[in-house]
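Consider the single chain below, provided in structure tokens and representing the form predicted on its own.
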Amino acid sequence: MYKLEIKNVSYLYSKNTPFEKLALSDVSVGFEAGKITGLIGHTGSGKSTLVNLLNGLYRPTEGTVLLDGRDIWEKPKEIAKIRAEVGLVMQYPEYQLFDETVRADIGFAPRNLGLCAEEIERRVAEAIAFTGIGEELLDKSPFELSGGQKRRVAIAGVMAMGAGVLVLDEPAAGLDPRGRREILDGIRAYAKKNGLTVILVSHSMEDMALYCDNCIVMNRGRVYMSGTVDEVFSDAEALMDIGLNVPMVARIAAALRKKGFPLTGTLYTVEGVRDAILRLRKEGGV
């Protein structure tokens, strides 16, 4: 079952001007309820435009965006309700932070929803627990924070909204490897606990392979490939054909297959390739 669905969507920038540019062309794709879906593609592939369509920041030039089966633009005056249901963390979180303290910024959305003080405090506490924000930061100005800390606050603020869908554009950018693991582990745990649908945009193929259930690959404004993580990353050659930097272990597996070794299974993780080689050895293929 799809939580969000894009049907026959096209999007033109600067329509009816000399600068008109087609960013998406007849795109149809769905995001499964309760799953983490990775959105992959080079700069200019159309993925950022697609992200901005998901919660109504952009309106399709053609086609429809469906949330729980209903057109999000059916009642344009109520598009703010859609944005409360589909939380978006943009690539540059400093543009989303505005309140006097970190605590106030994270609590803004639930306050705006008219929730009681106890529920607001509960949501803030839950959000900071999953994003790893230290208690010592809560009374600081968000503008005093580092880039990585700002990103955590922006994610926590969207979590505190209680949205059923989270759209996260490069949520771990600017973090060191440990920080990346902490924030992505937190997002996955939060999503699984609350049954959320998550759309995760990242240039890190390793992150996609490790944290996502499904993947959608964009190329030149169209869906190039989609499926489960196993299906997408098992075809490393197709990803490399459009210049994507697949996990190194997947590149090794692809090279071995080209040399005639019939590897099968999960060929984008170290464990999966190891098991495939051991299985082949046992069968006498190596």
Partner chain sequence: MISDITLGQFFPGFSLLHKLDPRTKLLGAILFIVAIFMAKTPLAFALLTLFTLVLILVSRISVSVILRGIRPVIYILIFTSLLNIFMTKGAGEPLVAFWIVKIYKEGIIRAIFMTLRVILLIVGSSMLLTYTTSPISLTDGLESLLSPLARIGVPVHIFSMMMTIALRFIPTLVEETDKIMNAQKSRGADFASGSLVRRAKALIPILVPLFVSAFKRAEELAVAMECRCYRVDKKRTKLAKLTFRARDFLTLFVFALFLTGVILVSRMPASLLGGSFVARLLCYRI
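Everything numeric in this text was worked out from a predicted model, so none of it was measured. Numbering follows the first chain given and starts at 1.
Although not depicted, the form predicted in complex with its partner chain is the subject of the following passage.
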Heavy atom distance at most 4.5 Å to its partner chain in the predicted bound form, all of 11, 95 and 105: yes
Contact with its partner chain in the predicted bound form, heavy atom within 4.5 Å, among 173, 90, 145, 115 goes to 90
If we test each of 140, 83, 180, 188 for a heavy atom within 4.5 Å of its partner chain in the predicted bound form, the one that passes is 83
With a cut-off of 4.5 Å between heavy atoms, is residue 120 one of the residues that contacts its partner chain in the predicted bound form? no
Review point. Hey, in the predicted bound form, is residue 109 touching its partner chain, heavy atoms inside 4.5 Å?
Key: yes
Does the 4.5 Å heavy atom contact test between residue 57 and its partner chain in the predicted bound form come out positive? yes
| Using 4.5 Å between non-hydrogen atoms, is residue 161 touching its partner chain in the predicted bound form? | yes
Exactly one listed stretch (67-75, 131-139, 191-199, 97-105) reaches within 4.5 angstroms of its partner chain in the predicted bound form by non-hydrogen atoms, and it is 97-105
